[in-house]
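Next comes just one chain, in structure tokens: the form predicted on its own.
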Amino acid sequence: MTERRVPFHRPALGDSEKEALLEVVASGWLTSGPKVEEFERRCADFLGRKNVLALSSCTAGLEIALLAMGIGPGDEVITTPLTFVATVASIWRTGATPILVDVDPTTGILETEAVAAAITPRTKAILPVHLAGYPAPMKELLAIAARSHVPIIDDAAHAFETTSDAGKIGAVGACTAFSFYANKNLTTGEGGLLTMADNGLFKRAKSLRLHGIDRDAWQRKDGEGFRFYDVAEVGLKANMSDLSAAMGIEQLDRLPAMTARRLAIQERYNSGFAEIASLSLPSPPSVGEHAWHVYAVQFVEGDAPRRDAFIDALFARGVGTSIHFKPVHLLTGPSKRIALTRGAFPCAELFYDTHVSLPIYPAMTDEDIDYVIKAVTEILS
């Protein structure tokens, strides 16, 4: 084992985040309050959509979007098998049925023809995932959605900075859920965001965020003083704290520099790996902007055992990796509900079998990047 370590991820945090957290602690107001309101305003400006809710997770955002739209038992939501389990679990928790369709073998993104073929009278939403920060083909998906009279709910956990061929992710679909988990391009430790186009749905979602209560704690404290609240319907406990929001505000200020660093790492990787014939390298979309949340290389010969040996060899050299993702129908728990086996989605399965994600984060030093390039080159030469 080497003494050097390049973990798969290390958060880019500095003194500004520490000071912001201490300021919130000193204020005595820790839960949803003025910092959450400020963070929501800042995110709304960044994304170009006024209806924005700061939440405890992206998962909560997806579930609230589905519930606000009235999606439930007997309904179907079309989505991808190549995603984190939370995407599909959010649909199940509403009582609706996820309808999985295969992906483009190059990008891992929902295949639009397969989406169109899966539409039925029970279809109530299309839920694409912007995998790795690469944009789904939103123009095509929005056209399919318009013809079928169903909304688009984006899972943009990887895609806070992503722009599609139809515009900025977060401002083009009916609803978009983002993640600010610890390893995301912008982090609040734990957290998420939901954007919505419809004002009425947004009002309902805002209530669902906190048990269905009509006013949050900050609103009840401020203004006219305490008034007993009402509960219009049973909701979730999914609000963001001021502690998380304070961190997010500082991260927003640093986001342009962090995004530029990710792009620079991607370019150095592509240059450093250019002569490795066994690898296919990721590239930006022809239209739009890639968030470069994940940098995943593919073994072109489709040799899964070799991919796994490659992961082990990198680990022995102190380089962390990940896989995005094992298709949900191949996971033990979900497979009991989906009742599909290997072979059901050949493109998603091939993507899983042949891809490996390498470290890409702003806290990487130039020496870290060079070390990863050297390790990959030596292993595959």
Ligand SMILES: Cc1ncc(COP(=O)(O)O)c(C=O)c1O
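Computed from a prediction, not measured in an experiment: that's the story for all the values here. The first residue of the sequence shown is number 1, and the count goes up from there.
Absent from the display: the form predicted together with this ligand. The rest refers to it.
Even though this ligand is not shown here, does Arg204 get within 4.5 Å of it in the predicted bound form, heavy atoms only? Arg204: no, not in contact with this ligand in the predicted bound form.
May I ask you to state whether Lys168 is within 4.5 Å of this ligand in the predicted bound form, using heavy atom distances? So Lys168 does not count as contacting this ligand.
Would you please decide whether Asp155 lies within 4.5 angstroms of this ligand in the predicted bound form, comparing each non-hydrogen atom pair? Close contact exists here: in the predicted bound form, Asp155 approaches this ligand to within 4.5 Å, heavy atoms only.
Just checking whether Phe273 would be counted as a contact of this ligand in the predicted bound form - the rule being heavy atoms within 4.5 angstroms. No - in the predicted bound form, heavy atoms of Phe273 and this ligand never come within 4.5 Å of each other.
Which residue, Thr354, Ser57, Thr321, Ser32, is the contact with this ligand in the predicted bound form, using a 4.5 Å heavy atom cutoff? Only one option qualifies, and that one is Ser57.
Counting non-hydrogen atoms within 4.5 angstroms of this ligand in the predicted bound form, say which of Ser179, Ser164, Asn185, Ser244 makes the cut. Filtering the options by heavy-atom distance leaves Ser179.
Pick the stretch from 245 to 253, 111 to 119, 194 to 202, 155 to 163 whose residues have a heavy atom within 4.5 Å of this ligand in the predicted bound form. Within 4.5 Å of the partner lies stretch 155 to 163.
Quick one: which residues from 318 to 347 get a non-hydrogen atom within 4.5 Å of this ligand in the predicted bound form? Just Phe325.
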